[in-house]
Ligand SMILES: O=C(O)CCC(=O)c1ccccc1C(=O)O
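Here you get one chain, nothing else, as structure tokens; it is the form predicted alone.
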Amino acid sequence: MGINFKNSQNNDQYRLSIQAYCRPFKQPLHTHHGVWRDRQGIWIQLCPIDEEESNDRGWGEIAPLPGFGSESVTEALQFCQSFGGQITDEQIRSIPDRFPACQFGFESALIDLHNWEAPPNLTQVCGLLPTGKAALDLQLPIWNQGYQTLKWKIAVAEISQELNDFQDLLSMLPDGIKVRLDANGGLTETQAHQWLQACADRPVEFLEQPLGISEFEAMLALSQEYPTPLALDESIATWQQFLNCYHAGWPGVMVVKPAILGFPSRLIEFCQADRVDMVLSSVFETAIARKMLLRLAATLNLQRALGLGTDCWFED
């Protein structure tokens, strides 16, 4: 089951509805970038003007991450409001690259309008553990949800403490469970070596973004020195960064956040022509964007677990 684009290349007009949202996390999310307490974004709905009496509706979600190079929620909201409640296919296709979250949201709504089948129920999903020692709590719901892959954020506390917690975490994992370690670009090169040495012969799927985005060459060298694969995340947050790293010969995994990468059709077209070892990852979007991500994953026929195990972080 893939995505049908056949009706999305016209120049039809749509009634545009906009609704901002704010979802508090159950508990603050700690990463190397800081503490995240709520998720703000925008839901949009498209309704064909010449078919307003029908029930045809297309839903999309705009979930910016300005720290990763996208527009802000305020900028996205102002952009949506600038259309005065109506928008055309041509205007959607002409959304500039400085609004990648809007590109994703509007094209998602257009695709949703013309794809009536429900998205597939993909079970290969990676769960997100709390940061630090909190990940060792066996009472967490995530331990009982059947995940085969778990993600744990590092580079938040002292490395000696995190390495000890890492060993404790591995000793608790059931057989067959893999771990993704995500440093969010927060390690030094020396610390990256320490982590990669600790990962040797352990059930670690990959080490994600060990160094900052300006240290691509150093990460390229690290990827050739250790058996544990490396993955890029912050380094490929924008479409141009994604292209630059791919064409520079990145040999490892690419963790792509579609909700801030731009038009989904552009990613599909690229992946149909070029082989990419890819993980689709969440930006803590709601079920509206998740629906699009599941469709996208099915279209791309990805083999790695999706980075979408974030639902348990919200009350709703």
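The numbering used is simple: start at 1 and walk along the sequence shown. Because the structure is a prediction, the values reported are computed rather than measured.
The form predicted in complex with this ligand exists for this protein as well; it is not shown, and the discussion that follows is about that form.
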Non-hydrogen atom within 4.5 angstroms of this ligand in the predicted bound form for each of D12, R57 and T88 | no
Applying a 4.5 Å heavy atom distance criterion, does Q241 contact this ligand in the predicted bound form?
-> no
Could you tell me if L65 has a non-hydrogen atom within 4.5 Å of this ligand in the predicted bound form?
-> yes
Is there a non-hydrogen atom of Q194 within 4.5 angstroms of a non-hydrogen atom of this ligand in the predicted bound form?
-> no
Should V283 be classed as touching this ligand in the predicted bound form when contacts are defined as heavy atoms within 4.5 Å?
-> yes
Position in contact with this ligand when the complex is considered in the predicted bound form, options E107, E71, E208, E162, heavy atoms within 4.5 Å | E208
Quick one: which of 168 to 176, 148 to 156, 219 to 227, 77 to 85 gets within 4.5 Å of this ligand in the predicted bound form, going by heavy atoms?
-> 148 to 156
Going by this ligand in the predicted bound form, which residues of 181 to 214 come within 4.5 Å of it through any heavy atom?
-> D182, N184, E208
